[in-house]
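The data below hold one chain only, encoded as structure tokens and taken in the form predicted on its own.
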């Protein structure tokens, strides 16, 4: 009698965004199956749903906002459940988009298509000041979740050009797939989100991309694979197999020869459900900044494998925590630092990939540099 071999199952929740690509490809291209695991992917629409279903055990792992892993571990804003991030899902992929009317105002104040973030931000600051002098209500910007790279990159940019994100503008949370619709309805003046939702707004003629966030923070972090620490501890072999599958998937995704296939795969309704041509542009590091404009090349806009894009840098987790403290989302505590540093797990990453002979960073932290010439020192995260 033939014995049926059943592969262990791993259920992963994801949001319809470009950077779910490694998870989708791990399933669709057979990388997970070759590692002996059976992936079950569940599409969600909001980060709050992802968080809740991960912490209560509906998901074994999730396509997760990096800062969400830190916040959930600390119990900031919700239940306290230790989360670990053993692999990143790439770098970059976000942009800041403004409405057509706000862009017209910014252009009159010096903004230019493709301008650097300082020039664009200074133009926005002039618009904000003019509106305040005229007694107009503050501009409203959308972001995807309070504990997100998008939120912190948006705040960092605004503050660096003299716009107080707590006083001069209004920030609201809206799930990624709904941001363009909110702008179309006149409810938002701008937003920060991952692709393809910036490009969807541009294609619809309702938005202009002001800056990719990688111009604010080059090679900036984004999503991670997140899972409960208890699940990772109890499923070491399964965790390692999943990391290897995602590593192979990321390398496949970055290969230019696979970009067209990847774009059409992600465009399917069960995944991102967005035009393949928009996804292809972002995958190939180019974006149309305005309706009808030719795509422009954006160096390292979305990086899947090179530049150690999947390495879970502890310095990223520490920067997220520094922003939580800066924007008064948490009260700083000395005990927090060890918990935050333990959220990103390069030790698991190294363990899983050791057998592949992959070049791995020797350190777990590195300095982070920003458009305003500031440098984040992970040895002094709150200085």
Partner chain sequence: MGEPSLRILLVDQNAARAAILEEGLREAGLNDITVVREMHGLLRRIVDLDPDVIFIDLENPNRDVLEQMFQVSRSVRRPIAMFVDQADTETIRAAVESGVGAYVVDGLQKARVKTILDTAVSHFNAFNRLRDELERANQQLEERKIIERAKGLLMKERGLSEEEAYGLLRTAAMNDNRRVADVARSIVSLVRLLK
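Residue numbers count along the first chain shown, from 1. Source: prediction; values computed, not measured.
The same protein also has a form predicted in complex with its partner chain, omitted here; what follows describes it.
Proximity to its partner chain in the predicted bound form, defined as a heavy atom within 4.5 Å, holds among 129, 172, 293, 260 only for 172.
This chain lacks the partner; the member of 252, 231, 271, 178 within 4.5 angstroms of its partner chain in the predicted bound form by a non-hydrogen atom is 178. By the criterion of a heavy atom within 4.5 Å, residue 187 is counted among the residues contacting its partner chain in the predicted bound form. The closest non-hydrogen atom of residue 154 lies beyond 4.5 Å of its partner chain in the predicted bound form. For the chain shown alone, residue 78 is a contact residue for its partner chain in the predicted bound form, at least one non-hydrogen atom being within 4.5 angstroms.
Within 4.5 Å of any heavy atom of its partner chain in the predicted bound form lies no heavy atom of residue 347. Contact with its partner chain in the predicted bound form, defined as a heavy atom within 4.5 Å, is made by none of 150, 339 and 371. Listed stretches are 27 to 35, 353 to 361, 315 to 323, 329 to 337; the contact stretch with its partner chain in the predicted bound form is 329 to 337, by a heavy atom cutoff of 4.5 Å.
Of the residues in 113 to 150, those that come within 4.5 Å of its partner chain in the predicted bound form through at least one heavy atom are, in sequence order, 143, 144, 145, 146, 147.
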